[in-house]
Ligand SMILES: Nc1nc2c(c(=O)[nH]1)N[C@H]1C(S)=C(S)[C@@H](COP(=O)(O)OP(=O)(O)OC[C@H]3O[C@@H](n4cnc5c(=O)[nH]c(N)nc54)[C@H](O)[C@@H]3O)O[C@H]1N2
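For reference, the chain that follows is the form predicted on its own, supplied as structure tokens.
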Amino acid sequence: MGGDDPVPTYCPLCVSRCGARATLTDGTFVALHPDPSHPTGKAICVKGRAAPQIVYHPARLLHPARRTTPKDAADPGWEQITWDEALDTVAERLMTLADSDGPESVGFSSSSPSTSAISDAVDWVQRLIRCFGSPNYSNYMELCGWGRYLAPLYTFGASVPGVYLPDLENAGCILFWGYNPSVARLAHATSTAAAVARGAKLVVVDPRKAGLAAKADHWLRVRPGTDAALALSLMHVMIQNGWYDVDFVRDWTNAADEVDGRTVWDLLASRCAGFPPDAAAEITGVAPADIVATARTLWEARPVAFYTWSGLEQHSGTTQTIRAINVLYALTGSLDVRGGNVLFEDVPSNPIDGTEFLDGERPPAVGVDKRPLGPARFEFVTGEDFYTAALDRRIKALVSFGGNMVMAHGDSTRGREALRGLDFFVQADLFMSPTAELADIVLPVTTPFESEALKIGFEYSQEAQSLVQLRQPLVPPRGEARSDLQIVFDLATRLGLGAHFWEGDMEAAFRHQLAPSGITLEELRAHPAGVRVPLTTRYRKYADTGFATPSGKVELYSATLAAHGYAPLPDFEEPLTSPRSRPDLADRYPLVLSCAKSLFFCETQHRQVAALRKSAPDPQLEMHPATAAARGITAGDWISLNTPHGSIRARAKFNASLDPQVVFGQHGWWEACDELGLPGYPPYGPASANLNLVLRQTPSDPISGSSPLRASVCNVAPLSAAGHEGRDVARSTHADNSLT
């Protein structure tokens, strides 16, 4: 491609998948802009606009490389090798382990498809895993997905709101709980702003007044980790006032079922009565009048469209919190109705994620014995359980497609030891990272702007679900980089699985995937903006099929949870790492530490990109000005963030909307930005800015294994100025990269 005509495409750097047009000049990718004609193309975030800098960044990995020194050596001694050498080595090591210890001894991992471009290939990655025979796949499900996709199965039998999407364009009320779409899903932010402008009500539950919270009719500043108490209190007010959909509750929930002589409805009402607004206010920090007013709005402004995110997925009580909010949502009767959360119609296609390879002969996933209803039930391994299995030698090898495990999970030091102990570890990635540095072989991956990908439906609206788009490469791959998808197919053929991967022919695989739609690759290539398939939304589909739960109804009371010893009704437990639950630590660590996504970075990625780093040069810790003043801290000071597990550094940023007892950090800081002369930080040790170095994976949620990363005890103090003025922080050796 050449010239200056914009090229239709979309940005896959996060779950928003924003429609875009790319500008190329003389074959060089120079800019990415919104494409308003695309269903998700009203805007492009700063990360998407920085796409050319990501593509052409000098630190990109460009050749396969092999480690030549031990895992604990300061220098991995990378040696450039050919693709054939790399793939043959990987295949040989994996097959040897599968023969000697079973395929379950090989673990697989990837970055989260919600926050990275692995969405291009994630279904194919799962096909490879399942075809190979391993049940052990770690993709941060317990931290970024459990609350949207799997926990709701115990209430709705379906993924609400992960698959039953918020119909924001027609909603009467929008409820965002632990979710800031301005940084997490820009398409939701633009449509919500439009909905508010036309008169829709907006409720935001968030400890920070961030993003659209400033426009909300109700912003509820909940104490981190106490969301279940708030949801139970809202339900109490709704039940007490008759503000619930009587017909839906009667006909489509198990409210009338009896348990020990009492109806489920009576049991639920009794549970919620334990959280009247005055009592809930003492727990959550939300004023009683605000609880009542919000409950009224959720009833009077129906239908309600809601969405949640990882703000609720990283706590010791995650699953019961999700249960409480799901049951609250059921009371509104807004499921699968226009303006509520709707299962939009899909373009017909063949599934390619390898479910046909699942059978009763497969070994169980790591962790299913401890948490039989958690992610391992669905063959997703938590970070905590992966580390344990690697350390005790049940998992001996890892194949990782992106992701920065030691920086993204709590307990970074334990993660380093787990990865060091593997017999074999291969990482496919764009850049060197603290995780990739522990690998035996590193494979260079293209950016999504150098590779082809097929997208059937954009999870946003019915119009978006009706669009099929083949994203074509804007520029050739740099160096020897290959796409994640190409690596999956190449590795599959080396492993003797080629028959299940169209003998490595990706075009043939795409044609198979598209076959039921009637759309051809030729059509898609001729129409790079995509092909639209006429689809009509059907509502209240549960009237024909019921719900995919044991009772066939929405389960306010879950017999499945009860049978495994868990609370069958939604419940609240004080966060297990808060000053209230740990009075033994409260004197030294009186503050609650939480964290939030950054507008400028995709999790641990891209702090080396000048276009992004210039707006966020340093790690920051947000705090109330009074909290800072009591500790002699002024805005911009370098401070020490202290937890029972160690200390890291950050710059103080004031936020007067925070509760004075709550501070907010940022995870993912390690990479230097040489172009701006901004430092990196070691992932481990006293000079670190790595938030997950001083957080633990336990005590985790008993059902999901979610780590308590967003509600832990901490304190802050000024950091000695010596060695830190003018950002004079030692550059991390982890920023170095000689493989370009």
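No experiment lies behind these values; they were computed from the predicted model shown. Start at 1 and count along the sequence shown; that's the residue number.
There is also a form predicted in complex with the ligand; it is not shown, and the following applies to it.
When the ligand is considered in the predicted complex, Glu603 lines it closely, a heavy atom lying within 4.5 Å. Interface residue remark: Leu719 is not counted as part of the site for the ligand in the predicted complex, having no heavy atom within 4.5 Å. Although the partner is absent from this view, Lys47 contacts the ligand in the predicted complex, with a non-hydrogen atom inside 4.5 angstroms.
At least one heavy atom of Leu143 is located within 4.5 Å of the ligand in the predicted complex. Although the partner is absent from the chain shown here, Ser114, Gly225 and Leu599 each have a heavy atom within 4.5 Å of the ligand in the predicted complex. This chain is drawn without the ligand; in the predicted complex, the residue among Asn136, Asn404, Ser191, Gln469 with a heavy atom within 4.5 Å of it is Asn404. The single contact residue among Asn180, Thr253, Asn326, Thr332, judged by any heavy atom lying within 4.5 Å of the ligand in the predicted complex, is Asn180.
Screening 183-191, 529-537, 582-590, 508-516 for residues having heavy atoms within 4.5 Å of the ligand in the predicted complex returns a single hit, 183-191. Residues of 672-693 that come within 4.5 Å of the ligand in the predicted complex, judged by any heavy atom, are Leu691, Asn692 in sequence order.
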